[in-house]
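One chain comes next, on its own, written out as structure tokens in the form predicted on its own.
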Amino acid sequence: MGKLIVGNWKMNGSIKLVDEFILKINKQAILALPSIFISYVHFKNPELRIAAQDCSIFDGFGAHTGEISAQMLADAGCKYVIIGHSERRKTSNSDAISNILKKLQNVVNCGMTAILCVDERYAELIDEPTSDILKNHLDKVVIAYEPISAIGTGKVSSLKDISNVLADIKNSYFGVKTLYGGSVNANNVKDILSIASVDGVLIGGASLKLEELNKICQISMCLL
């Protein structure tokens, strides 16, 4: 399948945009959609790989108004769930490290792959007890390095910094897949994906542009 290309729509999108993507999107892409679109997209195109942007700390089902559990996401057709994105940690008290770990465990228990986001303080999040979950589920966890300074700013970390951080993570968890995220677009993705320790990218704004997302996928395939 090659590099992982994950497009995070954040709080964006419409049925009109979804329908456009369903018809023409490169099948390599993984779309992290607002939860309201997930079932619709899976029904329309079961082959499209769908991610959720978050899940509840609560498992299964229960009296938790407004929450969406990992089990519900799996039933709706999700294959991946983003956990601990910096924008969630900034706006939600539920994303303390202890709660990120609960979400991580819920996702892997439901057979999905967790995309665990870390920033410059990545060591805090991948130390104990996170390490136990990672070591036991290396095939079900992807670590995405998204430095705060690069998210939505148009500023990409230096290639050296990206290489060093992801190499350090891989040295700690041999075999884990790693992504880089933060102002990734079609103009810089080739250089980023050419780094040996980078297994893919987590894309924000550029993933809302169908032509650009498909171009990123094409660039990725040419690097194989």
Ligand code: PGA
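All residue numbers refer to positions in the sequence shown, first residue = 1. Being a predicted model, the structure only gives us computed values, none of them experimental.
Another form exists, predicted in complex with the ligand; not displayed. Remarks below refer to it.
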For this session: Look up in the model of the complex whether Leu202 has a non-hydrogen atom within 4.5 angstroms of the ligand, and give yes or no.
Result: yes
Exercise. Do Ala150 and the ligand come within 4.5 Å of each other in the model of the complex, heavy atoms counted?
Worked result: yes
Problem set entry | Ser183: touches the ligand in the model of the complex, heavy atom cutoff 4.5 angstroms | yes
For this session: Classify Lys103 as contacting or not contacting the ligand in the model of the complex by the rule of any non-hydrogen atom within 4.5 angstroms, answering yes or no.
Result: no
Seminar exercise, completed: In contact with the ligand in the model of the complex (heavy atoms, 4.5 Å), from 57 to 65, 157 to 165, 35 to 43, 183 to 191, is stretch 183 to 191
Seminar exercise, completed: Those residues of 52 to 89 with a non-hydrogen atom no more than 4.5 Å from the ligand in the model of the complex are His85, Glu87
